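Here's a solo chain for you in structure tokens, the form predicted on its own.
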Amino acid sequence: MTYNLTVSPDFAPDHISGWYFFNTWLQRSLDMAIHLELYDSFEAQREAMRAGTFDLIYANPYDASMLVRELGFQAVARPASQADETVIAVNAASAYQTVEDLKPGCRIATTDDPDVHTIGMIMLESADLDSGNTAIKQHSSYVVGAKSLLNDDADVGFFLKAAYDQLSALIRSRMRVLVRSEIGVVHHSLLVGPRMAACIPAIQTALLTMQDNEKGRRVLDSMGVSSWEPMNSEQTEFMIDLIDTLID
């Protein structure tokens, strides 16, 4: 039997090969066939998730809620010391120096990553801005959102901090961060679906010992991950409750 793995589309393009290396490493570690499929669009991936296509998902916090509570997935691990935070940035030449400088009518570059967008909008509340008095343009990726800032097609952009940090040095040099969130308990996680539930102990053991040998460390490095740490149901439910509260 072949199982299917997918990865939230908000990872850096430079890490595409790393996820293929990870998939190969995982197949060999578990001695089973696993197919990796990547998506450019959050919504296209969510449709495939709802259709029951996948057994392993490296999910963003918003999708984790749907996967756990609707589809019976279990979170088994998360990248160590990698909380998901939101960055609000502007063009480096922008006159805006703080969030409070932003005015009604400002143009926002965002993505269809709901938790990042929601946290970004919450951080704009100090400037009395909301969806009713701003112009929001949704982009397919953080790279495209960054280009809209650089081309002066947007006044401000919302980014997943990890995605922002992984933009090229040239792009980041032409942008300036106004503010970063500091929530600390929201993060991506690896979730296992019902068809692979019996494999959870083996998967968790493989992930948590991945950094203990040279081959595993090379794969982790190619993914931009230092190591994995375990997740239990209580941690998962706390994170999901927080995200649901923010989005509602």
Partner chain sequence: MSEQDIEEMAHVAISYFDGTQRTAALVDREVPYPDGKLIVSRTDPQGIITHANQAFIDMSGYSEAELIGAKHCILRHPDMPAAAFQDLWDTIGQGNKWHGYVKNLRKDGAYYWVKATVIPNIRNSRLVGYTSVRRKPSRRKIEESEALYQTLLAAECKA
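Residue numbers count along the first chain shown, from 1. Since the structure is predicted, the reported quantities are computational estimates derived from the model, not experimental observations.
Note that the form predicted in complex with the partner chain isn't included here; everything after this is about it.
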Requested in this report: Consider Ser126 of the chain shown here, and say whether it contacts the partner chain in the predicted complex, taking contact as heavy atoms within 4.5 Å.
Outcome: yes
Requested in this report: Give a yes/no on whether Ala206 approaches the partner chain to within 4.5 Å in the predicted complex, heavy atoms considered.
Outcome: no
Query raised in the report: Is Ile122 a contact residue for the partner chain in the predicted complex, using a 4.5 Å heavy atom cut-off?
Result: yes
**Report entry** Contact of Tyr20 with the partner chain in the predicted complex (heavy atom, 4.5 Å)
**Finding:** no
**Report entry** Residues Val7, Met66 and Lys215 all lining the partner chain in the predicted complex, heavy atom within 4.5 Å
**Finding:** no
Report task. Note which of Met223, Ala48, Ile34, Ile183 lies within 4.5 Å of the partner chain in the predicted complex, where distance is taken over heavy atoms; exactly one does. Result -> Ile183
Requested in this report: Choose from 166-174, 142-150, 126-134, 71-79 the stretch whose residues reach within 4.5 Å of the partner chain in the predicted complex, heavy atoms counted.
Outcome: 126-134
Query raised in the report: Who in 1-22 is close to the partner chain in the predicted complex, meaning a heavy atom within 4.5 Å?
Result: none
